[in-house]
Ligand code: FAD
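The chain that follows stands alone, in the form predicted alone, written as structure tokens.
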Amino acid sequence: MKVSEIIRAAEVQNKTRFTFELLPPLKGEGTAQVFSAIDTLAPLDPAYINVTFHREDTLYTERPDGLLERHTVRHRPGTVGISAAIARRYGIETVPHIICGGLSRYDIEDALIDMDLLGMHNVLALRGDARRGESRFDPHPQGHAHADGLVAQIADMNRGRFIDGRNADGELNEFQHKTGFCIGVAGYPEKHSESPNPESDIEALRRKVEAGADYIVTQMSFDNARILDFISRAREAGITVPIVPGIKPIATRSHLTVLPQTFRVDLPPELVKEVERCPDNAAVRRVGIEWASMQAAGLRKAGLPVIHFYSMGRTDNIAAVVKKVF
């Protein structure tokens, strides 16, 4: 089932559903940790599960002659594979991510073909971040510099347009098959860190929708007023596709610095004060559950049909929020 259809059904039923995001396992870990995280939430009827995509990293190893040898590695491969495994094991719709970073248009097309052949109907199209150790995002020479180009490529495949329009004999192909992806994109209630101002950020979002995006999921925000203001500004700009707000239960004291640095989000002063008063991380976790529960209840009251939770692999606190609010 497509995410757009799931959202529409929730609207018709006047019901708010939840989704969550997981990381694919580290290389060599297998499926146990991922399945354990899902086992906690599967009985609570999630609408769908997002699976992140992680770009390549560069490692240097010393050779016997003392020189350094460069290796390109992926620490978390398997986004497509674990998405298929989740769908098969749990019967829950999965949304694998695909990114521009480090991938050519040909790499992207091959990954999307794999998803299509596995019967996947949804994909979240993202530009991705700069590679670790690099100060800015540099696109692959044969890739996309921005997410709207990636969205357009997926939309082309939905129309039966693939990159190579000719066969090995140089004859023009007439592709009979069309993919059927529902395309999600990211929105930023607190503005993308590289956007010069909120207006240009909304304009970039509008371009992604015009390229073929079917819905938007927001970056995490800890302030419902910012989320609702973002939705209002998007609507004023003529963006009519569904917008799914993203929230995260804070879980450790280190999140006070890690989350703003990593995701470029602000933490409300009241939340920071509550966390700073906590004697240990167990208390921080309780504060995080209460804050996320307050956010989820407020977003439900605002009539939003789906709420997305960022988990970073741990789901027991999300389960506590869902049981409390949904």
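Owing to the predicted nature of the structure, the values given are computational and were not obtained by experimental measurement. So that there is no doubt, residue numbering starts at 1 and follows the sequence shown.
Below, we turn to the form predicted together with the named molecule, even though it does not appear here.
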query: One stretch from 196 to 204, 235 to 243, 113 to 121, 81 to 89 that, in the predicted bound form, holds residues within 4.5 Å of the named molecule by heavy atom; finding: 196 to 204
query: Contact of H255 with the named molecule in the predicted bound form (heavy atom, 4.5 Å); finding: no
query: Non-hydrogen atom contact D129 with the named molecule in the predicted bound form at 4.5 angstroms; finding: yes
query: Contact of N158 with the named molecule in the predicted bound form (heavy atom, 4.5 Å); finding: no
query: Contact of H75 with the named molecule in the predicted bound form (heavy atom, 4.5 Å); finding: no
query: Contact check for I99, H192 and Y310 against the named molecule in the predicted bound form, heavy atom at 4.5 Å; finding: yes
query: Answer option from D148, D214, E109, D223, heavy atom within 4.5 Å of the named molecule in the predicted bound form; finding: D148
query: Heavy atom within 4.5 Å of the named molecule in the predicted bound form - the one residue of A251, A186, I154, V209 that qualifies; finding: A186
query: Heavy atom within 4.5 Å of the named molecule in the predicted bound form - qualifying residues of 215 to 230; finding: V217, T218, Q219
